[in-house]
Structure formats: C-alpha cells, structure tokens
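Just the one chain here, laid out as structure tokens, in the form predicted alone.
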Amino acid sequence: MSLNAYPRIKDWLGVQDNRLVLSSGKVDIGQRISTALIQIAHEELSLPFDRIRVAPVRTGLAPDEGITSGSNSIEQSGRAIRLATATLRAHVVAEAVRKFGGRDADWSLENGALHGPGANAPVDLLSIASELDMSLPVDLDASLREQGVERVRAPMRGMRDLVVGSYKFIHDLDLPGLLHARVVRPPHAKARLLDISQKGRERVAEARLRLVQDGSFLALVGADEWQVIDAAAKLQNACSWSDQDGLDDGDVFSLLTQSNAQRFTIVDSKPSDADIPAELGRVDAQARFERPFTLHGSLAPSAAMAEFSGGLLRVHTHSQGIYALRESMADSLGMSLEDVELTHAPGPGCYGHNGADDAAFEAALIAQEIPDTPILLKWTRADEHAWEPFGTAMAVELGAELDTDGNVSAYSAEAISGTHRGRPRPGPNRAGPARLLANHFRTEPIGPAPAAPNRNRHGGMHRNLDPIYAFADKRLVKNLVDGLPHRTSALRCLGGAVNNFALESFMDELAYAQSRDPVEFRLAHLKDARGIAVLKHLQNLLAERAGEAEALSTGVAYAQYKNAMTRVAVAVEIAVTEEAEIQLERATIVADAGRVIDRAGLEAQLEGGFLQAASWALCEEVTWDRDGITSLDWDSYPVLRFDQVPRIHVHIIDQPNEPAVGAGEAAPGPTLAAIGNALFNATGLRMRRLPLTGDAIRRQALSM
C-alpha cells in the first residue's frame, strides 16, 4: 500500500503560492486520475478547484507507486490523498481552535475557509496549513467528510487545451539546440547488422548528420526533423543484415499447449508449485478459446526527450512506470540512480506497455553520445506496430461437470499463454535491462529476458481465471509458454480479458444447451449480492426494451475485474451483414465501482474499455512472415472505426458507503464475450477464436 512507504502528509500534500499541491506516483494517461485526485482533495477540504493542482510526476519528487496499471490508482493514490487531506483538515481545525478558541465542532469549512468563534472574518485554510508541520503522519483512521448526492464535479484537467489544439504532448517539446533522432531498425528481431555501405556512410556525412552506433543499434541525429526522417530511410537501404533463421511463421496456437509450458496450479487466485489437480472425473462440456497477438494500438507513436549534461541524465517520457524504468536505464548505462531523472510527460496512452520505455532508453543512449544537447526521439508508425511489446497470444481450455439441475458442479480452466510481464522492472540476472529493446542489439547485448511466471494474486495470464461464480469444485491451472515468436508484455486486462471472454462465452453455451435464460443461468451461480444487483439491473433494462429492436440479436456477459474491483454487466445488440460482418448497434453497460468520485471519468473508462474490446473482437490481429511484421499500419492492422461505434448507454450503481475501486480494465472482458454471444444468437455460430471478422465467420459457416 502506498501509505506504508510514504506515511507523512508532506509525501502527498504541499502548499505553494497559496495553492494545495498534490503529489502522486500515478501518471495520467487519459484515465483522468489527476481530475479524480483533485475531486478528492476538494471534497475533504472544500477548496475551490482552481486552488488545487497536481505536481508533475518526477523521480525523486513524487512517491514511488510502481506502475500505473491494474486499475489501482484510485485505491492507492486516491486513498492516500483522501486520508492525507482528511488528516490535514483535522490539524487545521485544531490549530484554528488553538488560535481563536471554541471547540472543533464549532468550526465549519466552506469554500476553502474556516468559519468559527473568535475570528472576525473567515480564516483561509491554506494559510493555516502552510504554518503546520507537514511531516506529521497521515492518520489512517481520519474522519472522512460525507458528500451529498449533488456534488460539484471537478473539470477535466487540460480539456480546453485539448479542444483548441494547444495541449503539449511529449512530441511537442522543444528546447534551444534540440536535435531530432530516428532509429534505423533491422528487418526483424532476430536480424543483426553486418555492414553499412560506404555510399551510405558518405550520404550521412554529406548531410551533416550524426550517426550513433552501438553494435546493431543505429540512429541518425540532426537539427532538421524531415531531413533526419529522409536520411534514415535511405540509410536503411544501405545496411545489410544477417537474418539468421528469420521469424517462426508457423501456427502460433500449435505452440500454446500444456506439453510446451511451465505449469502451475492456482490456489486462492495465486500460482502454487503444488501438484496439478487431476482432470475432472466427468466432463459434460468443454471448449477452447483463443486470441492472437495484438497491439496496444496507441494513436500516436512513442516518443521521448533526453539530455545528458554534467553527468546527469534527464529524460521526459510517457512511461507508466518511471521509477522502475529509471533503475533499468541506470543499470544499462552504468550510472547511479541519483544521476538519472525521469519526468512523466503526456504522450500516447495505451493501458499497458507500449513503446514508451524503449523510446526513452533509445533517447538516453543517443544523448550519452551527444552530451549537452536535448535529443527528441520519435518512433514511426511502423516502429510502433513492429517493435512495441505485443499483447501475447493466448488460449483458455475450459471444462465443466453439471449436476442433475444442469448447474455447474465442477469446473476446470487452463490458461495457456506467453508472458504478460515484459516491463523493464529490476530483477535477477539484470531482468530490467534485458527487457529494453535497444539492449538486445548493442555491442554487448543484454537479453532478451526469459519468461518468468507471475506469482501475484490475479496476475498475468491467471487474472480472472478463478471464476466469480460459486462453483463447488474448481481446477485452475496456468501454463506459461516461453519462446513464442514475439516480445510480449502487459496489454489492458492482461489475461483477464481472455479468461472472461472464455468463461462468459462458456456460461452462455451451457445456458443455451439447456434452453435456459443466460442471465438467469448466471444468477443461479452467483452469490455476491452486489453482482446480482448489477445483473438484475441489466436484465430489467433489457426487459424494458423488449420488442424495440426485433431485428437485432443480443448477447450478455458479466465480470468482476480481479474478483475484487468493478462489477460490470454488458449487453450488446448486433446485426450481421450479408458479408457476414458484425455491425454493433447498441451497448448497455451496468457497473458498480463502489463510491463514485469522478462520474464522467468512470463513464469514460467504461466506454473506452468497451470500444477497445470491440476493436479486439472485430478487427485486431498482428500478422507476420519469416521476414518480419507485416501489420505495419492501420490498413494492415485495422482498428475500430468511428462508423462502427454503437450507441453506448452506461448505468452506474453508486455505492457511497463502499470503497471506490478501479474501473479502467473492468469492461473489456465481458464486452468480448457479449459480442461473441450476440453473434451466436444471430447466426448459431459459436466463435471461439478472435477476431470475429467477416472472413472468419464465413469460414466457420462453410465448415459446418
């Protein structure tokens, strides 16, 4: 928990220029965590929104809260800020009592000012706060202010600048003397540089550009960005590469087998080295579900700015884990941690691990070679599509025994996957540096790192493998496959998206095989009262719409992210075109995220999660051949287009007396299943491999 490592008020709060400054180790990548933190501070201190700001997230200044991932920001930073501001409020009131008299209960707080006896005018809260000892500990039992239903909502930070186009992203950074850099890439991950032609080197010299080389890592640097781009393309053609054996272009799903994996049984949602439980005694139903390699699909490519001066390396990056990245970069470069400073800057968000960390390290490598000069490095679209760590291909094999009532009495689930854990975190055998792309190509290469099992609760591929339903007997196994063709890492939901897709498709299949209503079948296996309320709310909404969309087919699904966070039920209404393509018409989302802090942000999270999952379901798949990645742009790697977006209706069940829980990764899993279930209702086809393209649907229809 963040407060264990940072237990003092000053770790989270400060007063500067008569404004409250919030510190957080969680970065804002479009999920509006900054807005939510401002809302929390406003509610505890009644300060106007324009008197609260969030400090930049910078190593050495911000709390080290690890990676901004796992939908943990509200639970970790949000809780810390709430308790810190509540503690500060108590000390401010106590100081007002000391100075002016009365009792604590005699003082009220309104619009950032204290009102009470003995004071001729309202007393500014921050004026008193600035005089307090901010090194006091945060009170974990601090009294929290109750909030009315009609709360004033914090405006989204940066919204005006985004609308008018003046928002500054990392790509827009500029400093005097700045140089632009582009990396010259090999054709694929196994290729290594043999030679650069003399003519190619001469062209670089004639253009007065700098060539930075460390083994097979190549970059061009110059003052004119377009000149650097053009020269990098020409230098690419002047390089000769060893292709070794090329990429393995066989059927990746043939590699995703139990016999090809490290196997672990799952106990209490964590991997155990105990013996794998025996197969189910009787199997009444079984199925295998599959997902291909997928991209993060950031709308802009990754970028970073670095400067090495006076022995100090300063890097601006859109990484979601600047402390872990700093350690791995320092280790890679032979520098001390104190001499490496990383600052988060807005860039392409991805809900996972895209090229941000790699771009930051590449910029740092170049900056070391050209000291006292700011280096702005940008990846190209092809760089991002070919070289980011992909979301791994994955399979889930399910089986069930049914009792005499047709309910699940025993359940088996085996997840089979490459690693979801490729972030450059420090670890044994220089695991952090081994996960940075450029290190693989240097003169003295580091990595790649072998896949290691994630031992956390609901971690990696076994996230949501443990079903939310109350099955009497469960057999849960994770199968980690190393040596897949591509580098992989965290993509939104990790294994949770595929595990929920599999489970909720399977539940639908079991219900329809018995001619039972799919929602009622789920309710028969669900014991969580709040989950039941979410599903029934969705059921009632669908009943109200009965008969309104007779030409459409509906699919439903339910999940609770990590069995502990936001509960989400999704219904999707679709039509299927004559070309066998799924047309999304309407989506209904019901969610319980506990206490709602930023309703607009929560709705955006749920809508965004739905849209990303819809894109996975209908479109997305990395393609490659022996010579490299072939899905290098938005034509060869299509994503959901605006004309494919359905009407989305979000219904939130507020629980003001319950803790707020993460929602950023709650919607994708049930969305995948709801779309697949709607397709079954429309066509009778049970599709178990993503994406559900028109071609795939036609192939399955013809094979029946």
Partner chain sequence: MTLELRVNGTTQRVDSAPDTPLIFVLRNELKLTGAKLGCGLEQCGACAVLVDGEVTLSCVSSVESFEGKNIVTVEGIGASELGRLVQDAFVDATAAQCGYCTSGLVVAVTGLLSAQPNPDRDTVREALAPHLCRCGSHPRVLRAVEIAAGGS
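Residue numbers count along the first chain shown, from 1. Note that this is a predicted model, so its numbers are computed, not measured.
Beyond the structure shown, there is the form predicted in complex with its partner chain, which is absent from this document and is the topic of what follows.
Student: Tell me, which of Val212, Ala238, Met156, Ala129 has a heavy atom within 4.5 angstroms of its partner chain in the predicted complex?
Tutor: Partner contact (heavy atom, 4.5 Å) among the options: Met156.
Student: Pick from Ala575, Ala600, Leu136, Leu194: which has a non-hydrogen atom within 4.5 Å of its partner chain in the predicted complex?
Tutor: It is Ala600 that has a heavy atom within 4.5 Å of the partner.
Student: Give a yes/no on whether Pro646 approaches its partner chain to within 4.5 Å in the predicted complex, heavy atoms considered.
Tutor: Result yes; Pro646 sits at the interface with its partner chain in the predicted complex.
Student: I'd like to check something about Val164: if you look in the predicted complex, is any of its heavy atoms closer than or equal to 4.5 Å to a heavy atom of its partner chain?
Tutor: It does: once its partner chain is placed as it appears in the predicted complex, Val164 has a heavy atom within 4.5 Å of it.
Student: Would you please decide whether Gly432 lies within 4.5 angstroms of its partner chain in the predicted complex, comparing each non-hydrogen atom pair?
Tutor: Close contact is absent here: in the predicted complex, Gly432 is far from its partner chain, nothing within 4.5 Å, heavy atoms only.
Student: Should Asp473 be counted as a contact of its partner chain in the predicted complex, where contact means heavy atoms within 4.5 Å?
Tutor: No, no contact at 4.5 Å.
Student: Its partner chain in the predicted complex: within 4.5 Å of a heavy atom of each of Glu146, Asn500 and Lys536?
Tutor: None of them does, since no heavy atom lies within 4.5 Å of the partner.
Student: From the candidate stretches 561 to 569, 374 to 382, 238 to 246, 78 to 86, select the single one in contact with its partner chain in the predicted complex, where contact means a heavy atom within 4.5 Å.
Tutor: That would be 374 to 382.
Student: Within 4.5 Å of its partner chain in the predicted complex, counting any non-hydrogen atom, which residues from 561 to 582 show up?
Tutor: Read in sequence order, no residue approaches its partner chain (within 4.5 Å, in the predicted complex).
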